[in-house]
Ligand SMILES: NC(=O)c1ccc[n+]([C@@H]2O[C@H](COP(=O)([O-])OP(=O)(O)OC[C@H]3O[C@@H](n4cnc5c(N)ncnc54)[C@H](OP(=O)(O)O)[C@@H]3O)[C@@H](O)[C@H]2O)c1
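Here's a solo chain for you in structure tokens, the form predicted on its own.
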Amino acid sequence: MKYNYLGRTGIEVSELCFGTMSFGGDSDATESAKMYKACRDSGINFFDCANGYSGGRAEEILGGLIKIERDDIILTSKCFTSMSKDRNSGGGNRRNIIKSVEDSLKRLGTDRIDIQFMHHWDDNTPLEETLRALETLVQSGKVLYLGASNYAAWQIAKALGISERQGWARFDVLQPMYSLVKRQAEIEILSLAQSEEIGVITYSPVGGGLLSGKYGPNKRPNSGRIVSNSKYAQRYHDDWLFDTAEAFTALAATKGVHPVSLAVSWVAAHPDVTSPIIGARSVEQLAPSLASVNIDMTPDLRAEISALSPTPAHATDRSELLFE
């Protein structure tokens, strides 16, 4: 396992981050503990969580697992999700942010969260209020660094400008979706991160399971998120995605590697990605993702894989060089 600096924070994190969305849901406490141990045995020191995962149960399980080695772990959580029937629960307002972090600290059994993400953008709350609330948490020592998940590039840039002007802690880590079949982050988000020295941990490197080898134009598994979850089914419904999945699976076979390993390795090889977030429901399902670090993702191999899906259009219509 290799380690990378997380943006300009000075923190070294493993080249893979483990996402705990399955803890307390698809994976019970026993299976979660097995996956945690497999990650630690492989050298992973970076674990991603959120208050809304399994209604808070994921934080409780993860907190128990890291308790004996808290100082060795880089821990993230997120807030935005409504956690109760209170109509004011949820969102990016000061009331919800402060309460959410306090509750996360209790569930995690820790005195600080290394990286606190805003899980989503809030159209109903001024960005200044969101950022000031986060600054309060940083000043208190309950949060060390800040991150934004699912923000557009313009939203990130606006936040950076406000934080700079006010002298507040800024977003030092981004968490966008990124895979061979979801490459929108390449247009502006990854370029912004590179320019501003922001760490990037990307989620869904296997495209919700689409690149696992189980999908094709006429091929569907009996179970899986794309099959059983309406949100995932909508996210991955275009026909070309399944054509790409089939071609990708065939390419992985010619290389003699598991398609999951290849999918994760492709994401990790992007120069602006710090660590892909891997996830699983069991130790057996986790194994190919962990094996991704053994693939030699050369520029030629990455280009060969990239050619299987459309390259996103440039952010402007003028992409040609003006000077030669």
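Because the structure is a prediction, the values reported are computed rather than measured. Note that residue numbering follows the sequence shown and begins at 1.
Keep in mind that the form predicted together with the named molecule is missing from the display, and what follows is about it.
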Problem - Complete contact of P217, T249 and I305 with the named molecule in the predicted bound form (any heavy atom, 4.5 Å) - result: no
Practice task
Please check if Y203 has a heavy atom lying within 4.5 Å of any heavy atom of the named molecule in the predicted bound form.
Solution key: yes
Handout entry: 4.5 Å heavy atom contact, I11 and the named molecule in the predicted bound form
Key = no
Exercise for the section: Would you please decide whether R225 lies within 4.5 angstroms of the named molecule in the predicted bound form, comparing each non-hydrogen atom pair? Expected result: yes
Handout entry: K34: touches the named molecule in the predicted bound form, heavy atom cutoff 4.5 angstroms
Key = no
Problem - Interface residue in the predicted bound form among S212, N93, T136, T244, criterion: non-hydrogen atom within 4.5 angstroms of the named molecule - result: S212
Handout entry: Proximity to the named molecule in the predicted bound form, single hit among C39, A280, L262, A58 (heavy atom within 4.5 Å)
Key = A280
Problem - Per-stretch contact check against the named molecule in the predicted bound form, the hit in 249-257, 157-165, 127-135, 143-151 (non-hydrogen atom, 4.5 angstroms) - result: 143-151
Exercise for the section: Could you list the residues in 1-38 that come within 4.5 Å of the named molecule in the predicted bound form, counting only heavy atoms and keeping sequence order? Expected result: G19, T20, M21
